[in-house]
Each structure stands twice: as structure tokens, then as C-alpha cells.
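Have a look below at one chain only, the form predicted alone, in C-alpha cells format.
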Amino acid sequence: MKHTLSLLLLLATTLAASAKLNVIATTADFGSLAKEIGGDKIDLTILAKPTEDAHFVDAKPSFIVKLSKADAIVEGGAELELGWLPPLMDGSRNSKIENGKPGHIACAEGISLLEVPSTLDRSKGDIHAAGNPHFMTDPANARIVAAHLAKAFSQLDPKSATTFQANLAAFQTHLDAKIIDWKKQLAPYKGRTVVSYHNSWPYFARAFDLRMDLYLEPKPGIPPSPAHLVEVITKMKEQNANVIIVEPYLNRKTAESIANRTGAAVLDFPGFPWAPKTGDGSYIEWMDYLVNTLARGFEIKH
């Protein structure tokens, strides 16, 4: 009997020691950093596909099941997922990932968000009360988020804290070197205008000294009208803008019609790490793809 109890205790201890954190990330950018920091100490699930609009993710019942078993939820914390995540969280009935609990990791913590509205005026389109939620397009912000994840994971799994901190140090060292390279690569195009479909890129613009305040949408989330597109064409000619970037879930045909009238290049510009398109699906490979694609676009239309 004692021998059996000893074996059961040993088995329980072994299972506890080998158990991984069950981490759910809302989008692929947060998921990519969770993977960098968590490594083989976490099991990771990403809810939103990297090719879909993270504002309007299909809230599948299977997501509720996954959230119900999670040790941690990694989300933006800046209302990007406001339209679909809260009902899933409520349905999961998982107290470990409720707001304010260690298992609820809001990545915007410590980030200086841009475009925080002084008043919430819905006539201006789909705006976010917390500020622009696309902060991961600035690699300096990814550095902050990675540190936040390492701290949160260490709190949830203290026995693996040394691994999390080592992974953080390796990631930040790699990222810091790449930031220098990326800035050098785009330095010749400082101040150039890049036209985007949606206002997803102010942090990227700030990081690389670009002008990205001309949009095919007249207001965030509002489809382009013919009158607005005429204005865009006029401004593109005035600003010598000859690059248009489009995310995979947006209407590329609209961008191509503008390009046909302005001579601009239309660039596929995914808003999230995307393995088939941007490499291995890591954050750094994604940023490499964005910088390289934009630099080539500028060169084509130099």
C-alpha cells in the first residue's frame, strides 16, 4: 500500500513538474511573442487567423472550450478584440483568465498608445477609446510586450522563470540588432508617403520615419467612396506617393484601381505574422518581410 502511494505521489510530482502552461493568444503577433518567450514551457493556441481582420473574428464555440481550459489569455488590451473576445471570455467561465487575474495578460500595458481620442465620436468611424490598437507594428513595442510576457509567465509558472528570462534576453538581443538593420534599410526613404487602406500603421510610420496618413478608407471601417478616392488620387500626386499597402483581408481591387490611375505599386502587407507569406511565422520574420517589401516597392517606383 505504501509502495503504491509512493508511486502515485511520484507520478503526480512528475506530471506537475512537466506540465506546460496552456496559453491562448488572440492574434498571431501576440502569439509569436508568446512562443518566443514561452518556448517549450507552454502549449500555445492562436484564435484569429493571420489573414483575417482582427476586429471581426468569427467567435466560434470551439474557442469557448479552449478558453475554458486556458491558464492564460494573451490579448491586446486596447479594444482590437472588443467585438468578439468578451462574449467568449464570459462563456468560458474560467476564473483564471478574468480581468485582473494573473492569467489575463493585456499586452498594451506599458505601451504609449497613439491616437487616443479626447472624446468618443462614432461619426469619425471605427475608433478605439484606448487609442490605436495596432501597436505591435513598432518593434520597440514588441520589446516591451516580450518583457511583459516573461514577467507574467514567470508569475504563473515560477519553476520555469529562468527559462522565460533566458528566452527574453535572447529575443531582445536579436530584435535590437534587427531594429538597427531595419532602420538603415528604410533610412533612404525617410519622410516618404505610403498610402494604406486602413489606419493600421501609425506605429510603423513612427518607427521608420515614414508618412502614413493617407488612407483609401475615408474613415476607419468606412468603405471608400468614389469622391474620397478622387481626393486620394489628388493627394498622392501632390505628395509624390507611389506605394499603396494592403492587408490580405481588405479589397485589393480598390487599391489596384487607384494604382492604375497614379502609377503606384500595390504591396501585400500582412498585418500579422503569417508563416506561408512572411517566413516561419515569427515576429522578426514578419517585420523582415514588411521592411524588405516596402524597400523593394520604393525602389521599383523610385
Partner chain sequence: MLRKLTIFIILGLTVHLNAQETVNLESLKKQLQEMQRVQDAQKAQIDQLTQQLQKLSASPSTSTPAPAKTAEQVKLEKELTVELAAASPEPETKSITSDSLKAKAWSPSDPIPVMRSGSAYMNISFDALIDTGWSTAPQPDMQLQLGDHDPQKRGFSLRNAEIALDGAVDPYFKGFANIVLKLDNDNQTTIELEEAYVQSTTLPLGLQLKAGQFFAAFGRQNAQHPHQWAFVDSPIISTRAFGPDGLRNVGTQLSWLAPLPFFTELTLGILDGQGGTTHSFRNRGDADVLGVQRFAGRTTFDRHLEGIQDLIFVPRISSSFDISDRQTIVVGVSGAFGSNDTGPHSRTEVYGADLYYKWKPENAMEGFPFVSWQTEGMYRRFGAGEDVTAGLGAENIRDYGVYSQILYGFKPRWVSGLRAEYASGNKASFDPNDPFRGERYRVSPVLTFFPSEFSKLRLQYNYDHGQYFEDAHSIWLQLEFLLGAHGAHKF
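Positions refer to the first chain, counted from 1. Everything numeric in this text was worked out from a predicted model, so none of it was measured.
FYI, the form predicted together with its partner chain isn't displayed, but the following is about it.
Asks: Given that its partner chain is left out here, which of 251, 45, 257, 239 has a heavy atom within 4.5 Å of it in the predicted bound form?
Replies: Comparing distances to its partner chain in the predicted bound form, the residue within 4.5 Å is 251.
Asks: Identify, from the list 92, 193, 154, 167, the residue with a heavy atom within 4.5 Å of its partner chain in the predicted bound form.
Replies: If I apply the 4.5 Å criterion carefully, the residue I get is 92.
Asks: Establish, in the predicted bound form, whether 226, 235 and 295 all lie within 4.5 Å of its partner chain, using non-hydrogen atoms for the distance.
Replies: The answer is no: none of the three residues contacts the partner (heavy atom, 4.5 Å cut-off).
Asks: Does residue 217 reach its partner chain in the predicted bound form if we count a contact as any heavy atom within 4.5 Å?
Replies: Yes, contact at 4.5 Å.
Asks: So, in the predicted bound form, is residue 52 in contact with its partner chain at a 4.5 angstroms heavy atom limit?
Replies: Close contact exists here: in the predicted bound form, residue 52 approaches its partner chain to within 4.5 Å, heavy atoms only.
Asks: Spell out, yes or no, whether the shortest heavy atom distance between residue 185 and its partner chain in the predicted bound form is within 4.5 Å.
Replies: Residue 185: no, not in contact with its partner chain in the predicted bound form.
Asks: Within a 4.5 Å heavy atom cut-off, is residue 197 in contact with its partner chain in the predicted bound form?
Replies: Yes, contact at 4.5 Å.
Asks: For the stretch 149 to 185, I need every residue with any heavy atom inside 4.5 Å of its partner chain in the predicted bound form, listed N to C.
Replies: Going through 149 to 185 in order - heavy atoms within 4.5 Å of its partner chain in the predicted bound form - the hits are 176, 179, 180, 183.
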